[in-house]
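Just the one chain here, laid out as structure tokens, in the form predicted on its own.
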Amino acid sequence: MKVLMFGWEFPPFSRGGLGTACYGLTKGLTNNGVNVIFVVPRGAAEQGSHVDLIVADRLYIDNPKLKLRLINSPLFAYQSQEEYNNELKKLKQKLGPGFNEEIYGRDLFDEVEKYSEKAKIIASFEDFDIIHAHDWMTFRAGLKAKQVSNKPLVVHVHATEFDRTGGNPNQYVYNIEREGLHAADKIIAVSNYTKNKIINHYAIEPDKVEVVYNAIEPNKDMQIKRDIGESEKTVLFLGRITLQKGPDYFIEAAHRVLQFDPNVKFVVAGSGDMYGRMINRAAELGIGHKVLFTGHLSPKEVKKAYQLADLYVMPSVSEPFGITPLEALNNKTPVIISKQSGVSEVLKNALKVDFWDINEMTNKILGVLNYPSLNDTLVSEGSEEIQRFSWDTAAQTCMNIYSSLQTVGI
């Protein structure tokens, strides 16, 4: 079986969980004998070890049947219009007189359309059985690939526009999502939480949506964690600093925790449009000296952050799945997770709280930090539990979906 897969990031160049999920899923598929061609929009991500990566900005440049202009697309995953404009400005400065206005998108959505046109060309030349598209930026690409190839289309929803915007969707993005979901032959959701959003907000029949939970790679490089009572305790937030991830609730909880236990420091790892606002809020609350903002971390730095933390908190407002709690437990760090998350459906050995309930979040943070037995139990039971989250299992479920589409002759 051969799968033509469209995505927007691939490790080691990732900005969030989408890249991690794409890497794990493609590895699981190839472990099960599936050939995967993964299409990405930037040359930066061409270091795949187990998949054949086609970088869309250098698409078929050496193919005598097709001549395309080299385009270094400024797109990346989770991008807003403002971030796109900033990337485009950097590209103009870098290329100088070599920058050609005609070959770059006027805006984020124009760039998405350009990428979809390249997908159409790829589908005309590649040999594949199934099309698999991840999230809204690739849905148009999947649709055009389906049009020229007449092959089944599977769209994989890692987050909806309702998750990203707190229920105030951009109409253009929503329209693309809705078009892709209705045109797809099958939809994969990363949780029942996400499946229900797809059904309710996009008018999709339940039978069309299959749930495939995310997983993690086993940690083969585990350091010995220090004892929780050795020094100042550390609580970690790690993720995009955006409305969806609830960093503001984390900062408010940090303020309350410090009123009861000043021997705690808080680490906010990541970047996003709320970064500056969160720094200012910590200063307003008088806890700026107790909160470290690290910015974006490399994969090695992320692992180190988990291992140095005594507790990981994921206070997401709307989290379709949430790989980070699994990663934290994989590094022997206990977790508190939002009830408004897909991972809360399947992770039993974690403390759970409504994202808005600052008092309860505070109580549970203090409980984990001040009761080593609770900390130890969450780690030991959670570490054992996550062993059943396998990318091979997720891949086998996807393969069953692929086979069902081929069987019915879609």
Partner chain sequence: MENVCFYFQVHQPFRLRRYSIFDIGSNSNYFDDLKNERIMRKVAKKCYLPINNLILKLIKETQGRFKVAYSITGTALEQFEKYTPEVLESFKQLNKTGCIEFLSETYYHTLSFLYSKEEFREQVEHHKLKIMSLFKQSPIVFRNTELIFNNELAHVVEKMGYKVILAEGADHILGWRSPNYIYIAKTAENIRLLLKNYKLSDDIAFRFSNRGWEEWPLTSEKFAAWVSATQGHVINLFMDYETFGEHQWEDTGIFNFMKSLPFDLLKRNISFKFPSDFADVEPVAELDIHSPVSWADIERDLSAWMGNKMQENALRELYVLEKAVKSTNDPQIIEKWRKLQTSDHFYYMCTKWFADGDVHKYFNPYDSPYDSYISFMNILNDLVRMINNENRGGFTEKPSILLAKS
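Everything numeric in this text was worked out from a predicted model, so none of it was measured. Positions refer to the first chain, counted from 1.
The following text describes the form predicted together with its partner chain, which does not appear among the structures shown.
Chemist: Decide whether residue 182 counts as a contact residue for its partner chain in the predicted complex under a heavy atom distance cut-off of 4.5 Å.
Modeler: No - in the predicted complex, heavy atoms of residue 182 and its partner chain never come within 4.5 Å of each other.
Chemist: With the cut-off set at 4.5 Å between non-hydrogen atoms, does residue 150 touch its partner chain in the predicted complex?
Modeler: Flag for residue 150 set to no.
Chemist: Is residue 36 close enough to touch its partner chain in the predicted complex, meaning at least one heavy atom pair within 4.5 Å?
Modeler: The answer is no: residue 36 has no heavy atom within 4.5 Å of its partner chain.
Chemist: Is residue 362 close to its partner chain in the predicted complex, meaning a heavy atom pair under 4.5 Å apart or at it?
Modeler: Residue 362: yes, in contact with its partner chain in the predicted complex.
Chemist: Counting only non-hydrogen atoms and a 4.5 Å threshold, tell me whether 256, 376 and 388 all contact its partner chain in the predicted complex.
Modeler: Affirmative, all three are within 4.5 Å.
Chemist: Within 4.5 angstroms, counting heavy atoms, which one of the listed stretches 118-126, 258-266, 198-206, 131-139 is next to its partner chain in the predicted complex?
Modeler: Heavy atoms within 4.5 Å of its partner chain in the predicted complex occur in 258-266.
Chemist: Which residues within 304-325 place at least one heavy atom within 4.5 Å of its partner chain in the predicted complex?
Modeler: Residues within 4.5 Å: none.
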